[in-house]
Each structure stands twice: as structure tokens, then as C-alpha cells.
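Okay, so we've got a single protein chain in two different forms coming up as C-alpha cells, structure 1 first and structure 2 after it.
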Structure 1
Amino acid sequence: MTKKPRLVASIASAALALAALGTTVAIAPAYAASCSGAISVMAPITGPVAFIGTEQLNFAQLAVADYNAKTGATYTIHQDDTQLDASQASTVAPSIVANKSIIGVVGPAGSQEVLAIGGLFSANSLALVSPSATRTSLTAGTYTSFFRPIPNDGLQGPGDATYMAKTLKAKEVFIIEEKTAYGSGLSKEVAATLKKLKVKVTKIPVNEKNADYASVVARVSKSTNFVFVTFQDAAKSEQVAQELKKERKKAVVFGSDGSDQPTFKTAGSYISAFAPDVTSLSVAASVIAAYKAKYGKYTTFGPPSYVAAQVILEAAGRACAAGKGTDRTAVLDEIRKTDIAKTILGSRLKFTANGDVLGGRFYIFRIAADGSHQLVG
């Protein structure tokens, strides 16, 4: 703790005390109204994977609007487009750090971006709460201001692999590794666990821009039980599932959380997800309804972004209430103490010392004939 924040904090608390003297009755939580700031959203808002970023942006905007409406605060969103490109992230990062109104960042979306800028943000005590960077190594302790409200690949990969091998008794698994930071990391974890469990593994790397999966599916052998896919777009998983049917292969698609979207609906397929089905949760109902009314369809990348923004907003609110203002260090400290009883993802949210979800787990679903998701593990 440096001296300066403490000075700022004491001035702020003095100001707050004066304000408290001035007001006779506190109707709403008045502390929040006196606090303001901007939350930066670092996401691929344009470019090839804009579908991820626009949704993360929209959900974050919704979270800010909800919080402002509830408390009367005036937080705003600052859009920082990175196109999921770490080079662009590292160009825009200094501008975010230099912008004193920014109290926290929802993002960056990609693990490779965290690698590029995590050090800078940690050195400046500016919180990064990423809704989608799931690489295991990010929470090894290097980045002291990095948090994520979703469980990491180290939980999903081995979890999915164990489920396939033990519960579903898979003998042979075909992994389609999409060459993205997400796909490569996850398929590595899955392959390692499967090999340990004596399952025969074939791993085929595929370019992200690939459009036709027929020639990849043709490589799947007749005896394969599962095709594990690491796409970020569920329509690709659906394509693979349909292609398998056309070629009369018995293999079933097992999708990672990237496939947890309505476009993937071939009956009998499996998906793993970091949350119980958001659509069926009562905590999430109002948020989802508001989202659908305002922005339309959503997939799996959005809801964690709402939680990420919520984490920052509530931390800022607490820092404010404690008289520390929305100073970055104070907000960061409060984020560490986050304890949300039930997020819209349906579980309690507390962070571990390194910024992972405490007790985070993955849920495995089977897709039924009517397209609904049945929780199986």
C-alpha cells in the first residue's frame, strides 16, 4: 500500500463525512450515488470473432444499467476493442491504465491477451475480471489483479475426459483441436487425461477459419466412441454431429463449454458447461428476459460477462461505502473479498487467492430429442 491512495482515501472519507452530515435522511444507498467511474470492456467487439465480443459488451452494459438503476450510481462502460488480438490489446492497454476514470476491466476475452497485458495491469493495481480467459496457467499467481468468474480448463479438460472414460466407458476418442488459444489449451488437457486413463486418442488440429468439416469427419474411425470438439462456435459442433450421421458413424459429439449454445442440438450429444443451464435458473430469469428484449439472442459467452461487471460494480460500491472512493487499489482489494450468494450463473461466487472461482465445477449435459439439456454429471 503506497501513501498516495491512503491520502486520497482520507480526503474522500472526509468529503463523504461532510456529505453525510449534510443529508438528513438516506433514502437509497446514498454512498453509491456519490461514486462513479467507468468499466472498460476489453473484447473482440469487431473483427472475425465479433460474436463473442458484442455479447460480452451487451451483458456488461446490462449489468451496469441494472446496478445504476438499483443504486442510483452513474457508472459507465468504456469500449475497448481488441479483436481478440493480443497485439491490439497491448496497444490499447496503456490507454486504459492512463485513463484515471477506469476502475476495473471486464476482460480481456482471450487467454493470450492476458499473457500480453496481465503484467502491466497487475503493476498498476487495475483489476482484470475476464469472462472467458480459461487457460489454467493464468491463475498461477503471476497476475495479482486477474480474476475470472468461471472455472478454468484445468477443471473442464480432465473433468470431461474422466466422464467420457469412466462414466461413458469410452475406448476411443477423436479430438478436434481448433487452433486457438482456447482450443489448443483445452484439447491438451483432455488428451493428457484420456491417455492416462488408457483411452485411445487421435488429435487432429484444425484451422479456426475452416468452413468444411466433412473431410475431418471422414477421418473418424468406425470404432470411435466420442468426437471431442473445442470450437467457440456451436454451429461447427452441429456441423460435425450432422456430418457423423451422414457418414453413418456411431461416434457422438462431446462439446466443451464453447458449444453450449442453442445452435448445437443433435440429440444424444454431450456438452460441458461452467454453469447450470442459465435459461432455467430463477436468479437469471429477469436478466435473461431483459437481455432478450434489448439485444436478442445470446450464447454462452455473455452471462459470465454480466457477473464480471457485477463483481467490479459491487466491489466499487463497497469501496465507496467504506469511504475509500473508487480508487483502483481499494476496488481491487474489495474484488478479492467478493462473495455473491448466487450469481446469474446459479452458484456462489468467491475467489481463491489467485483469482479462480472457489469450488468452481463443470456440469455435463446430454442433449435430448427435443433439444433440451439434461444434467447428467
Structure 2
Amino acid sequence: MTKKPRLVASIASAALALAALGTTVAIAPAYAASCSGAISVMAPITGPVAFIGTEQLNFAQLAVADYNAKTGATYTIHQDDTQLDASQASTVAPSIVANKSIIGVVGPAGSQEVLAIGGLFSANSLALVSPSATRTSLTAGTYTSFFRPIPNDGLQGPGDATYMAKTLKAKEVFIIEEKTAYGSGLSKEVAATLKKLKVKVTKIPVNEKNADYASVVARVSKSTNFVFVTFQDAAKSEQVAQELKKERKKAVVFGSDGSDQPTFKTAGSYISAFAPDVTSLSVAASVIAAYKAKYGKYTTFGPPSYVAAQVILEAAGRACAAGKGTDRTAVLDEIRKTDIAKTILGSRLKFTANGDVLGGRFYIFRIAADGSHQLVG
């Protein structure tokens, strides 16, 4: 008789804790505290775009720490470096699947990596929640354990093209298509919409490595308004922008979400982003304050990783509350039911049947003279 009130109080306490995380589903701490496991972060922790992986890793670590503190659970992070390379992702994927302590994956970061390992993870009912892979076809139904809390290129491509044509009044656009799963898919989306809007389009494919951007820029006509680039390494976007200035051409670089990195800083350039600048969002205030205090600066690549980890953690919590432990299939089933009232990205999170976020949108920023990003669309 004396134990019942304490149990009820504990359950209420956990429900309040998860409410603070934004979930609409309560969880009993008696189960949450007894369940444990690891979340893999598949990201470019080293290599030319290591800042992306480091940022995604740090935000995921923060999400785990927050969840553990609020529920009494003991989840951990497992680091899996992919260097944003499909072959590297394929190398580490089998060990992740074999590690039975791993209940879900934040990542991979790049679309080419998902194409390389998505089938293996789906076959083993291991959830992938990517904070940055945007290729449209990834949610065409092939990868049944893949989800993303960000919109796909089916929105980004037409959205960027429409903004260039209708808002910026572009008449001629030159597209540099990097030959990756991400670059090829996105350039196709952009080109198709531009042509529908009667904009002249020239598309030049380039290799991911060792491309000669000076010779590519030499082919940009004097009447071109924008050079749309589909790079995943923003240093290349900056190189193109500087080559345009060197050649005294009026065209301005418009970078896709892969260009939203500190290395792309030419004033007047445009960037598309799959997440908002959460700095001014009240729902993100405590998380961002904690992140800055511990890790420092961040970009739009980081916050979606917090949300991706939150999705897995809350799904595992619900599976535990139902007495299913942290079985991968149970966690995967609960991820499909995700309904978070408001994430740190400022909006509600529910997934479509194929794993896309409902109601997603892209944001367009212009790089100011001081290097800051000004929201313009």
C-alpha cells in the first residue's frame, strides 16, 4: 500500500519531464530508467567537412544528456566517422548493425551514404534518422527504416529555382552539378523548374574531386545572373564565387544547403538551408545556451541532429514504457508514431508514411558584408 503513491508520483514526474522535451506521449520512469542502449552518430567527424560531423555529434550528445537527466535513463553515444563518403559509410555500417546495444542511428549526413547503406539498415530494422540527407528519392519507399526531420530536395529544388526566377528576376542561370547522389538529384530538380519558368539554363557536371573550377567559371556567360552550385563542401562554393569576381562576371553564386558552411563567405551570395536560424526561437533557447556554453558556435547543420536524437530517444522511451525494452523493431515502430508538439526547429514534427517530415520548408539567406546570414525568403 505504501509503494503505490511513490510509483504514481514517479510516473507523473517522468511525464512532466518528457513534456518539457515537447512530446505528446507520457512515459513511466520505472521502465525508462531500466532501459539503456546507444545511439550511433554516423557523420563526417574527420575529413574536409569535419565541422559538420562535429557539430552534429555535439548536438546529439546534448540531446542524450538532456534526456537522461530528465528521465533517469542511461543512453550513450557511439561515434561512427564516415567522412561524408559512401565507401566509408559502407565500411562502418556492418559493425553498427552487429552492435546490439545500438538502438538507432543519427545520420548518415549525406545522401550518397544513405544510398550505400540504407538497404542494410532497413533489413535489420535499425532506424536511420538523418539530420541532413535531402535527396528526394531516399523516401520513395525503398528504405523502410529511414526518416528525416528536415525537408527534401523535392521542396528545395523548385523553391530555390522559383525564388531566383520570380523574386530575384533571373533570366539566365548556370548550374554546376557535382556528380554525387545529392548534387545530381538536386540539379535536376532546379533545372526542371527554371525551364518551366522560362529561364535559360546551362548545366555543367563536375567531378566531386579535383574539378577545375576556373575553367568551369570561364564558361559562364556575361549575361548569367546566378551560378547555382550543388556542393557538399562549401569551400568549393567560395572558390567559384572568387573566380567569378576575378573574371569580372556579374553572376552571383546561389548555394544549395550544402553551402551553408562558414567557408562560404562571399558577400551578396545566397544560400538555401533546410533548417531555420534557431537563435531567436524561444523553444530552442535553453538548448542553444547550453550548446554555446559547452561547444561554442554552430550552423544550421547542428540543431536538426538534436531533433534526430530526440526522435530516437523518445521512441525508445515509449517502447520501454510498453514493456518492450529497447528492441530495434519496437523502437522503429515507435519512431513511425512520432508526434512532437514543437521541436527546437520551431515546428511540430510528424513523419509521412515514407519517413519525410510533414510540412517541411527551406529557408533562403543572403550573405551580408560582415559575413552574417540574413533571412530573405
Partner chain sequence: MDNGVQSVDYFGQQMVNGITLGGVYALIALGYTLVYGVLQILNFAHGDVYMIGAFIGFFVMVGLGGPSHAVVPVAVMIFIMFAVSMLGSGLLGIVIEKFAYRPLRNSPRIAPLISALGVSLLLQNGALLLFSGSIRSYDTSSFVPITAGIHLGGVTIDGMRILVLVLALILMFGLSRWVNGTQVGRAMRAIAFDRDAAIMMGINVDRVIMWTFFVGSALAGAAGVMVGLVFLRVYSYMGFLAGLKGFTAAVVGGIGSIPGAMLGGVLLGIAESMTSAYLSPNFSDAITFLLLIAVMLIKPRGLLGRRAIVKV
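Being a predicted model, the structure only gives us computed values, none of them experimental. Basically, rigid core = biggest C-alpha set you can superpose within 1.5 Å across the two forms. Reference numbering: structure 1, starting with residue 1.
- Between the two isolated copies of the chain, the second is the form predicted alone.
- Put the two forms on the same core and the Cα of Y298 is off by less than 2 Å between the two structures.
- Relative to the superposed rigid core, the position of the CA of G154 differs between the two structures by less than 2 Å.
- I77 shows a C-alpha shift below 2 Å between the two structures [criterion: core-superposed Cα displacement of 2 Å].
- In this core superposition, L186 moves its Cα by 2.5 Å between the two structures.
- Its Cα shifted by 9.2 Å between the two structures, K246 is reported here after superposition on the rigid core.
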